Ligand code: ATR
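Consider the single chain below, provided in structure tokens and representing the form predicted on its own.
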């Protein structure tokens, strides 16, 4: 009899998560025997839920909003990227019974940009909009690509400045307010706020995107987000959303758990085709 290993994603809300579908597709593709479910877990129930999950034989967990910081605190050991981001989206049971915490968001983004869209991130000017948890998770993997500069812009200036200061020894990084973006240009602008899903955008000055530059919204939806539309209106060479990042970060978690790296392109193409009218 084949033993089925159990994995899950915890979050609140979680109803619309694509993660169970993605991991089922990965398992079918790689011939892995596993079950992956989604569980609605509010923050106040996280500790009890995760303890129960692993006590009942669970092998690994993904954690999404609003649980990434709680998962970071819960992990027994953390990778460098998890330690630096102060957020964990992947928990993996180790042979000794301890839990390793990792953050695969940033490597998922970088893989999507480089492998799927052909971008070279070295020596370019990168702007991240927003200084919250989504930004924190992508900074270190971006800096490892040696950009010319990385700027974090946020409505609350101190939050951007303080976040940049945490990574000052990892590369060229600064924080500022949106007003400080006037007369500056960037080759890649990343929207790490959730605002564009509701049609909102930060006050972005004209001319912010360099000629031939790219835009990328970490969020995704069935329709182009407000930021993806902004990118198109400002003549971005490519204006992308975060569907590829979602699949790539899942593939990294799958590799951590199973030691096998699934092919992401067929899964991205399938999910993308399903949202087309």
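Positions refer to the first chain, counted from 1. Predicted model, so just to flag it, every value in this text is computed and none were measured.
Just so you know, the form predicted in complex with the ligand exists too; it's not on screen, but the next bit is about it.
Peer 1: Quick one: 132, 178 and 193 and the ligand in the predicted bound form, is every residue within 4.5 Å by at least one heavy atom?
Peer 2: Checked in the predicted bound form: all three residues contact the ligand.
Peer 1: Which residue, 144, 155, 117, 86, has a heavy atom that falls within 4.5 Å of the ligand in the predicted bound form?
Peer 2: The residue in contact is 155.
Peer 1: Have a look at 125, 184, 159, 78 for me and say which one sits with a heavy atom within 4.5 Å of the ligand in the predicted bound form.
Peer 2: By the 4.5 Å criterion, the partner-contacting residue is 159.
Peer 1: Would you mind picking out the stretch of 166 to 174, 105 to 113, 89 to 97, 194 to 202 that comes within 4.5 angstroms of the ligand in the predicted bound form, counting non-hydrogen atoms?
Peer 2: That would be stretch 194 to 202.
Peer 1: What residues in 255 to 275 sit within 4.5 Å of the ligand in the predicted bound form, counting heavy atoms only?
Peer 2: The stretch does not touch the partner at all.
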